[in-house]
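Same protein, same chain, two forms; see structure 1 and structure 2 below, as C-alpha cells.
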Structure 1
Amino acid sequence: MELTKNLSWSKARDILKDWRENNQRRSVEVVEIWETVLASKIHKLGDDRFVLLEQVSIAALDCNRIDVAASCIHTLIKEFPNSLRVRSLIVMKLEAQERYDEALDHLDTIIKLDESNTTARKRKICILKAKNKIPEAIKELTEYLKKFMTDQETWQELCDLYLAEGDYSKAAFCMEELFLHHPHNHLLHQRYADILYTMGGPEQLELATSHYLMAINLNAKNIRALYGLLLTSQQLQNSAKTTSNKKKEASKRVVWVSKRLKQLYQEATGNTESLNELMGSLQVS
C-alpha cells in the first residue's frame, strides 16, 4: 500500500512502462497500481493503453486475479476482435484457470492461421511446463529451436529447464549459445561460470575462473562474480589435483578478490567487521 500512496497517474504509467521494458515481473504491484490509480484513468493514456492493458492482464493472471484479467482482456477484444495477440491472452487466461485442453485447441488454431507465430508455440511449451512435464517440455523446446535457432529467450528457458533436471552439461551448452549472441553481457558469463562451478571438477573450475574473470572485466561491480571467483579459486587452491604453479596463481587471485570485496563492502556500508566473519563461514568444506 506504501507504493500507491499519492501516486499520480502519469507517474504510475511511467513506473509500469519501466517495468515492462526491463522485464520485471512484479505482478502484485502492477495489479495494485492498476486497481488503485490507473483503472479509472485509462482513457487518458492514449495508444499506450493497449500495451498497458496487456501487461496488466498478464500480471493479473500471474496473481490469479482472474476478474481483473477478464475485464482487461474484454476491453482488448472489443478493440481488436481478430488479433492473434489478444487471442493468446485468452489462452493465458485459460491456462491460469487450468483449462489446458481448451487452451491447446485455441493454440492449434492460432498456429494453423499463422505458422510463424512464436508466442503460440511458446505457450504450448508453457502448458507442458505448468503440468510439470519437464522432459516433454525440453523435447518441445529443442524442436522449437530447430526452427527458430536465434531465439535467445528460448535458449535461456531451455537452460533453466535443464538446470531443473540437473543436466548441467547441457545447460552449459545453452549458455554458450547465449553468449555467442551477447559476448559483452557480464551476467551471461557469470551464469555460465556458476553452472560450471556447480558441476565441479578441475577443468570446469579452471573454465569457471576465466568466465568469472571475464564477467568482472566487463563489470567491475558484479559482486556475485567476485564471490564466485573467490570460491573457485579457493577450491583450486585446496584441491590435491592442481599443480603447484596453478595453486600459486589461485592463491594470488584469492588475495586480490578478498581485497576487492572488502573495498566494495567498505564503500557500501562503511565497516568490514561483519564481512570478516561472513567470509569465514563461506568456505565449503
Structure 2
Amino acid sequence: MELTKNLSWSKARDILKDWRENNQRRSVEVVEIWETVLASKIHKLGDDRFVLLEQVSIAALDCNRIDVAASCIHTLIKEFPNSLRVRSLIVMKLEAQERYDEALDHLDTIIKLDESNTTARKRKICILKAKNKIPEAIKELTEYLKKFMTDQETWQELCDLYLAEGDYSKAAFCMEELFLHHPHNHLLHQRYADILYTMGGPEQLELATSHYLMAINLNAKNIRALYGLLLTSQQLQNSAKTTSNKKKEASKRVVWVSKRLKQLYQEATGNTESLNELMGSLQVS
C-alpha cells in the first residue's frame, strides 16, 4: 500500500498513463492503484477513462482478479457495445475462466467482421492448442498463412505443430519458408537438418549433411550441428545404399568432426576422456 499512500487521483492517472506509453505492464500495481484511488474517481477522468478501463481489465486478468476485470469490461460494453476491441477483452476474460468454447465463438465473430485481425486469429490458435486440438490449430495456422505469408513466427509455430504430429515433410517445408527470410541463420539450417535426419533415407541424409555443413560454416562452434553431421555421416558411411565414393567422403567427415568436437570439448573443459565415452551414444532428437 506504500505505492498509493497519499496519492491523488490526478497523480494516479498520470502514473498509469506513463506505464501505458512506456509499455510497462506492472499489473499488480495497476490493480492496486485502481482499487484504492481511481475506481471511485472514474467520473473525473473524462475520455481517458476508457483506455484506463482497458488497461485495468488486462492487468486484473494478469492477476486473476476476474471480478475487477468483469466490472471494467461491463462498463466498456455499455459505452461501446459493437467494439471489436472490447470484444477482445471479453475473449481474454473467458480464456482466464477457461470458458474456451465461448471464447472461440467470440473470436469467430471478430474474424468474420475483420478478416485482417491478426490478434484474433492468433488467439484462436492459442486456444485450440490449449485444448490440445492440434489438427484444428494446424488448419487455422495454414489459413492464417494464406493471408499473412511473411509472418515468420507463425511458420515456426506451424513447424512445431507438424513435428508434434510426426509430419516431418510438412515441418521441413515450413523451415524452407523460413530460409527465404533468414538464409544466414545457422540455427534454421541446423533444425532443418535435424528434421531431415529424423526422416531418414539416403536423399534426406545427403541433404541433412549439406545443411549441417552450412550451419557449421555460419557458426563454427555450433555443437549440435557438429553432432548431427557426425551421426549423419556415420549413417551414410554404414548404409548399403551409399556409393563407395560417398562412403569415403562420409568417412573423412567422421574423422574431421570427431577431431573438431574433441578440440571444442578440450577448450571448454580441459579434457577429452568423458567425450570419448559419449561419442558412441550420440542422438539427434
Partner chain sequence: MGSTGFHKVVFIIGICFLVHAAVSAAQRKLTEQEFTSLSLDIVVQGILSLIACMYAIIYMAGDLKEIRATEELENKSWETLRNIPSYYIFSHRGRTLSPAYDPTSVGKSLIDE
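In this text, rigid core is short for the largest set of C-alphas that superpose within 1.5 Å between two forms. Computed from a predicted model, the values in this text were never measured in an experiment. Sequence positions of structure 1, starting at 1, serve as the residue numbers.
Between the two chains shown, which is the form predicted in complex with its partner chain?
Structure 1.
Residue 268 and residue 198: do they belong to one rigid part between the two structures?
Answer is yes, one rigid part holds both.
Degrees turned by the smaller rigid body between the two structures, as judged from C-alpha superposition
44 degrees is the angle the smaller part turns through.
Displacement in Å of the C-alpha of residue 115 between the two structures, rigid core kept as reference
So the C-alpha of residue 115 has moved 4.9 Å between the two structures.
Align on the rigid core first, then pass along the CA displacement of residue 95 between the two structures in angstrom.
Its alpha carbon moves by 2.7 Å.
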